[in-house]
Structures are given as structure tokens and as C-alpha cells.
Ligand SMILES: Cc1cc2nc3c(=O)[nH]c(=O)nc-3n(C[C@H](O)[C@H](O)[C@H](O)COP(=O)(O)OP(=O)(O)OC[C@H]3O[C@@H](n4cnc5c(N)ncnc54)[C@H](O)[C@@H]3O)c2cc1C
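For reference, the chain that follows is the form predicted alone, supplied as C-alpha cells.
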């Protein structure tokens, strides 16, 4: 396999890098201070992203998206993630599971998201059911031609208040060879629907300005036409999003690690102690060498997963390995960067402390490191009957 970037991909990276430098990074400190992106700024970023052709680049051309390949999308995520999550997500990448929209769902949900007119959130996680989806407590009970949804979701991420939620709820129980399993269905639920409440969740120290929301449902009535995909097919849809999502997390970790490495290298070359740059001391130079080596290894894992996705051969293990190694690599790189900067690494005058705080979340969301290790080990043991 050849991961050498094409001329088109190099142009994409150069354009995105310039966009991040000129349109996003100047606003990082403001977002950090205020805990959010002003509406006017967010709208301006979105409009420029649409003008540049970056918006909805992850969706196919036949619905109005950019139709980028998975490897190009990995490069895109890598560049965008070198700045604040709150800012870069105004360059919309609508959830790919919206491609399951049919009939009037396309005009009501999918196409407005592609045009930047509406924005969705992915509502799967619950207070008592994070990685354990089968512990989901949210229910959707059939009532005539409708469903009544009851339950709650939390840690539902979004850069701005969503217009609608892709809500996963249990609609029954199926008997399988492994015993009874909940039948999970995805619903499209508009903000403002009766019985549906959406509010800001607790403030997180990572990715400030990129909010999490709490959703609650009290006999929220939705029609059967609000089902996304097939009744009982929600788990398959969720897995499609989660698996590629883990690759994008890995790509983003590589982008932030590169920014940290660049900052640390420049500091090590210019900061002097005992009459010479600190980069000449083995304690610092070895850290830089380890950071660069681990970053390259993570990049290769991520690009391999994206390349295999293009071939239709990516497995859950490929995605788990990319997410696991890249997120833990970023944690080590961020910690080394703080150590190289010393006290200044913890001062809010520099972006190091923010990047260090942001790095911690990557080992938790989209499946914790423990879940990724479980996926990998299970695939190794299963052929042996264990």
C-alpha cells in the first residue's frame, strides 16, 4: 500500500492549513475565555467553509457533498484538529448515517445538513450506558402509528445547539443465539418536539467551547416516519458511525500531536540554559525523538485504517488500533511538551496547557482505551474459542 499523498491531497492539506491559520486559530483564546463561539463568528466560518468547498466534504457528491475519499478525509481531520474543536466543527461534516434517510427525510434532514441549514447531534450515550449499549434504558414504545420515547441521554457533543437529534432507543427484545438482546432503533427527533428537552451539560475542561448536551424524553411522540433506517436497525447504523469515527479521532490526535511537536521543537531550539539550547541536552532531545517516532507510527496506523476503509476491508480492530494508539500517543506527546516547556507549559499565555487538557479526553470518548483493547484482544482470542 502507498500512503504517499497525491497532488490533489497536497493541495487540500495546504488549503486547509491556510484556512486554519487565517480563519480559526486567531479566535482560539477568545473561545477558551468565553466558553463558546459567538454566533456571528460561527456563521462566518461556516459560510467561508462552504465557499471553499470544505463543508460536508465527507458526504457523496450525489447529495451535494464533497465526495472525498477516506484517506483524504483523514488528512482533512488531521489539519482541522490543529485548532479548537469548537471552531473547526463549524466546518460541518454531517453524520454519514444520515445517508440512511429515505423519502421526505432527505429534504427534511439530510440535504439541509449538507447545505449548512440544519445541524444534528448523535444521541447514544446515557448516564448508565456508555460503552455498554445493551444497557440502554431509553425506550420507544409503539402507540398506534407512533412511538412514545422515554429516557435520557448525556455527553451528547456539539459545537452549537443542534436542530435535531439522532436518538437511539430500545423498541423491543430479540431472542438470539447469545440470549435476549435489546432491539435498538434510531429516530430523528426535532428540537422543540413536545416531551423532548435539550439543555447544556456540565462544563468539561477538555475542548472548552465544544459543548455537551443533556437530552430527556417524557412521552415524546414521534411518527414511524421518523425512524432512520429500519426498525431494529439502529445498532448497525451506530456501529457504522462509531467505527469510522474512531479513525477520525485518531487522525485528529495526530494533527494535535504535530502541533505540539512543532511548538516543543522550536522551544527546545531557542530556550537556553547553562549557555546552550535545551534541545542539546539528552533529557530533552530524547523526548523530541520519541514524540516524532510515535507520531509517525500513529499516522501510519490511521492511514492504513482509512486506506482499508476505501477498499471495503477495514475491520473494527483496524479502527480500534488506530484510535487506541493515536489517542495514547497524543497523551504522551502532550505530557512531554509540558515537561520541555517547564513552568511556561502550564501558563495560559501559551497553547500548551490547553492542548494538554484537550488531549485527555481522546482516551475516553468514542470508546475508551479499555474498550479498544477489549475489541482487539477479543478478535485474537475468538478463533481459539476463548
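Here the structure is a predicted model, which is why all the values come from computation and not from measurement. Residue numbers count along the first chain shown, from 1.
Note that the form predicted in complex with the ligand isn't included here; everything after this is about it.
Tell me which stretch of 308 to 316, 137 to 145, 121 to 129, 218 to 226 has a heavy atom within 4.5 angstroms of the ligand in the predicted bound form. This holds for exactly one stretch, 121 to 129.
Given that the ligand is not shown alongside this chain, does residue 156 nevertheless sit within 4.5 Å of it in the predicted bound form, heavy atom to heavy atom? Yes.
The ligand contact in the predicted bound form: residue 19, any heavy atom under 4.5 Å: No, residue 19 is distant from the partner.
Going by a heavy atom distance of 4.5 Å, is residue 368 a contact of the ligand in the predicted bound form? Residue 368: contacts the ligand in the predicted bound form.
Answer with yes or no whether residue 364 is in contact with the ligand in the predicted bound form, where contact means some heavy atom within 4.5 Å. So residue 364 counts as contacting the ligand.
Contact assignment for the ligand in the predicted bound form, among 288, 204, 161, 297, heavy atom within 4.5 Å: Looking at the other structure, the residue within range turns out to be 204.
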